[in-house]
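Shown next as structure tokens: one chain only, the form predicted on its own.
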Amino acid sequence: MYRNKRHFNKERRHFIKKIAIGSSAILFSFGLPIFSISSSAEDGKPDQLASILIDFSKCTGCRTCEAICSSFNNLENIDESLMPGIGNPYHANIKVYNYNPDIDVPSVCSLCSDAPCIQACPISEDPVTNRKALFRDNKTNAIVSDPTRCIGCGNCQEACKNESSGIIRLNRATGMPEGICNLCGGDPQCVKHCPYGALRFEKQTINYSFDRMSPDEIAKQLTKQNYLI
């Protein structure tokens, strides 16, 4: 029954989009384009940071990405062996927001080229590494938080909320920032396991239509396009 319901939802959305395409020249000929919630450079030119690309027309809101992300990044020690965690969506670094009308919006770190979260960090740069408590990973360019230096001030959360997509949240127990995508070391598991191919991981120059937009802002635009509101 679960699979049938998902299939029904996909068919219904496809039907709605076909009607919309026939009624308005605003929409694209083959459904919604692929959008990235990644960053563009400060000068307005596209950035080349590796990014997770999202095709909102394929997302069904199944939340598989949340479960996989949480499981992969929160391993359990069982009999002295590290095993995948239980996949609690709360601990995922990608979040799926559901809206009515039927719009599903995955949200993940924007990898902002100017990194307002890092700029807002009040911790002085380490004289050896030149890193604050928040810094970019040398391999993936993902934003990393150093819990040994972070003071839990929340400045990064506010900067992300005011200047980007607002994905950073503070841990209820520690006050430390969380929800920042680490790109799984360069091999995002959410992309590999998305059952509908709604997520892609690429490193290339792309114009980011929904750069730094919150899920609410994205949902408003998608609602206008899908439902001709």
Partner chain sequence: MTIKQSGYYNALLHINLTTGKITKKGICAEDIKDYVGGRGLGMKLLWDHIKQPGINPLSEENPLIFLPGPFSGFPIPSVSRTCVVTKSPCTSPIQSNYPHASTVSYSNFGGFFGPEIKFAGYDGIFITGKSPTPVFIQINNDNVEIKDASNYWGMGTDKFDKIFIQDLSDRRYRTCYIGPAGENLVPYASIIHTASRAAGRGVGCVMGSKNLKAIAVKGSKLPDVADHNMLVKKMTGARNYFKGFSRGKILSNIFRKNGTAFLFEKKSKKGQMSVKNFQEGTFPQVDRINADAARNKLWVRNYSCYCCPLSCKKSGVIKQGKYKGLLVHDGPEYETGTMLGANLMISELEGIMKLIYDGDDYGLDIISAGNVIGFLMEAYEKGIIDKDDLGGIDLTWGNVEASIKMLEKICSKEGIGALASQGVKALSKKLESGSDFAMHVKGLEIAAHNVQANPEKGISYSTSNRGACHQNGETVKKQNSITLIDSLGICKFACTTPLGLSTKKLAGLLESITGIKRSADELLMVGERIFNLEKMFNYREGFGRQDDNLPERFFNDAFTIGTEKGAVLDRDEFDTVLLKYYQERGWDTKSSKPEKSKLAQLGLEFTYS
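This is a predicted model, so every value here is computed, not measured. Positions refer to the first chain, counted from 1.
The form predicted in complex with its partner chain exists for this protein as well; it is not shown, and the discussion that follows is about that form.
*Asks:* Considering non-hydrogen atoms and a 4.5 Å limit, which listed residue (S124, T129, N138, N98) is close to its partner chain in the predicted bound form?
*Replies:* Exactly one residue meets the criterion: N98.
*Asks:* Could you spot which one of C181, A67, I52, I168 gets a heavy atom to within 4.5 Å of its partner chain in the predicted bound form?
*Replies:* Here the answer is residue option A67.
*Asks:* Looking at its partner chain in the predicted bound form, do all three of P116, F201 and R212 come within 4.5 Å of it through at least one heavy atom?
*Replies:* Spot residues vs its partner chain: no contact at all.
*Asks:* Just to confirm, I86 within 4.5 Å of its partner chain in the predicted bound form by heavy atoms?
*Replies:* Answer yes; at least one heavy atom of I86 falls within 4.5 Å of its partner chain in the predicted bound form.
*Asks:* Looking in the predicted bound form, any heavy atom of K161 within 4.5 Å of its partner chain?
*Replies:* No - in the predicted bound form, heavy atoms of K161 and its partner chain never come within 4.5 Å of each other.
*Asks:* Given that the partner is absent here, does M176 sit within 4.5 Å of its partner chain in the predicted bound form, heavy atoms only?
*Replies:* Contact check for M176: no, nothing within 4.5 Å of its partner chain in the predicted bound form.
*Asks:* Applying a 4.5 Å heavy atom distance criterion, does P195 contact its partner chain in the predicted bound form?
*Replies:* Yes, P195 lies within 4.5 Å of its partner chain in the predicted bound form.
*Asks:* In the predicted bound form, which of 101 to 109, 149 to 157, 129 to 137, 116 to 124 comes within 4.5 Å of its partner chain (heavy atoms)?
*Replies:* Contact criterion met by 101 to 109 only.
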